[in-house]
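Coming up is one lone chain in structure tokens, specifically the form predicted alone.
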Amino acid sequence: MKMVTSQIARNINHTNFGQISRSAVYEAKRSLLNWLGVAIGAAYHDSMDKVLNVSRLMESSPQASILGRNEKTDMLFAALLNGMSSHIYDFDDTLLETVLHPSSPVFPAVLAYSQYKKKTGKEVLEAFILGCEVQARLALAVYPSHYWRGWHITGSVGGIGAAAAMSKLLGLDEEKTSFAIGIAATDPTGLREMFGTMTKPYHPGKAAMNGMLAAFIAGEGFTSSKQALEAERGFINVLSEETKMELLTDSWGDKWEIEKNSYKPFASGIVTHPAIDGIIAIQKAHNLKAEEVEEIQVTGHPLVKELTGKTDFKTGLEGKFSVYHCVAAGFLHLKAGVNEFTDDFVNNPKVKALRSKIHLTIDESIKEDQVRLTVKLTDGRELSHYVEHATGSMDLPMTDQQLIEKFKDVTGNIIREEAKELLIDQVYRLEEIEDLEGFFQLCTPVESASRI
């Protein structure tokens, strides 16, 4: 049996910032800006208050910041809470091959520890890229059967990515790094049944917390299997039907998975984005009113129905997993941002009436970032649009300017406009920053901060 876990630990131990490509570092910065914006933007969601109340009950020590808030907690709770907030709006980044959200399990752990232990910006980027590489390769190794079995892949592999990143930050040797991976591997989190509830964003937060804890106790000499990923009863064989072990170690350092990262222009399940693009294109061309619509026909990839086929729901969180609601939002507001997934908007009678006119057809020949969309009007006209590649896909990525505008928009009134500009500047030169305390201070709110 090839010793995969040990080889990964060796790769982590022997790879440093100078060996990482410039393009990977640059994409890691884009990932951080996107992640930071959505984390701050959801800082005042109800679910955050509920978990913060538990940290207070536990008398958590003020070691690390809750981004977008004035509170601090211990590092573990900070990792949990910042991981949660970054996924609450379902607006975070995605590696499209496996629908893994790479930043939300790794950055929360890395930043919480880096704030408390005063690590540098270069160390943050190095640890994140290595943690992302491990979790992304593992996701590729277990996809698709792992995902189709019902695992939320961001939670289940994300803890291992966080453990890898934390092992690098802690300076663990190869053996302890392999133990950290093993401890995290025995603690996967995330069932797809939870999509549309507060528990879905809990998954990456808990993964960040699990990975951090795994590295901490491995650092103390706590042991685990050194074959946690590849063994007959290890992570891959137990949780998937795949045997793609070679993806975990082959060509390490020749390319970096973070370079494939993509970013969402819409705050919903990624497979809804082509349909939103399509309806917005039709609306910009024709400026239709809802009462003119007889039917909207959406033809898309099978995952559209599998992941976002909800028709009966009452909350904004559930609306993120309804292609019907997403298309209605795009039709009515020409966007699908944070405000289009509130409980009030989801239950608006006008929105519900339009949703009832939207129908979905599956076509296995259509790719995940494509859609055919036809609007049938009451006067007999039919307006059609074909989306070849959705905005934010690998073939049509979001530009730096689009990411900056998204960051400014999603953070709303939570942090000052001046702070936004300074954070953008610091993110894009993060490897130059020796003391990150100013960075974290910029993430604290203005007095009038509130939920968007």
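Note that residue numbering follows the sequence shown and begins at 1. As the structure is a computational prediction, the values presented were derived from the model and not from experiment.
What comes next is about the form predicted together with a further copy of the same chain, which is not displayed.
Visitor: Quick one: does Gly380 come within 4.5 Å of a further copy of the same chain in the model of the complex, counting heavy atoms only?
Guide: Looking in the model of the complex, residue contacts with a further copy of the same chain do not include Gly380, since no heavy atom lies within 4.5 Å.
Visitor: Using 4.5 Å between non-hydrogen atoms, is Thr399 touching a further copy of the same chain in the model of the complex?
Guide: Close contact is absent here: in the model of the complex, Thr399 is far from a further copy of the same chain, nothing within 4.5 Å, heavy atoms only.
Visitor: Is Leu422 close enough to touch a further copy of the same chain in the model of the complex, meaning at least one heavy atom pair within 4.5 Å?
Guide: Answer no; every heavy atom of Leu422 is more than 4.5 Å from a further copy of the same chain in the model of the complex.
Visitor: With the cut-off set at 4.5 Å between non-hydrogen atoms, does Asn70 touch a further copy of the same chain in the model of the complex?
Guide: Because no heavy atom of Asn70 falls inside 4.5 Å of a further copy of the same chain in the model of the complex, the answer is no.
Visitor: So which of Tyr89, Phe77, Tyr324, Phe331 reaches within 4.5 angstroms of a further copy of the same chain in the model of the complex, heavy atom to heavy atom?
Guide: Exactly one residue meets the criterion: Phe77.
Visitor: a further copy of the same chain isn't shown here, but in the model of the complex which of Thr197, Thr311, Gln297, Thr120 has a heavy atom within 4.5 Å of it?
Guide: Checking each option against a further copy of the same chain in the model of the complex, the one that comes within 4.5 Å is Thr197.
Visitor: Taking a further copy of the same chain in the model of the complex, would Tyr116, Gly182 and Glu220 all count as contacting it (heavy atom within 4.5 Å)?
Guide: Yes, the whole trio is in contact, each within 4.5 Å by some heavy atom.
Visitor: Only one of 183-191, 103-111, 365-373, 352-360 has heavy atoms within 4.5 Å of a further copy of the same chain in the model of the complex; I'd like to know which.
Guide: Among the candidates, contact is made by 183-191.
Visitor: Could you list the residues in 235-269 that come within 4.5 Å of a further copy of the same chain in the model of the complex, counting only heavy atoms and keeping sequence order?
Guide: Those in contact are Phe235, Val238, Leu239.
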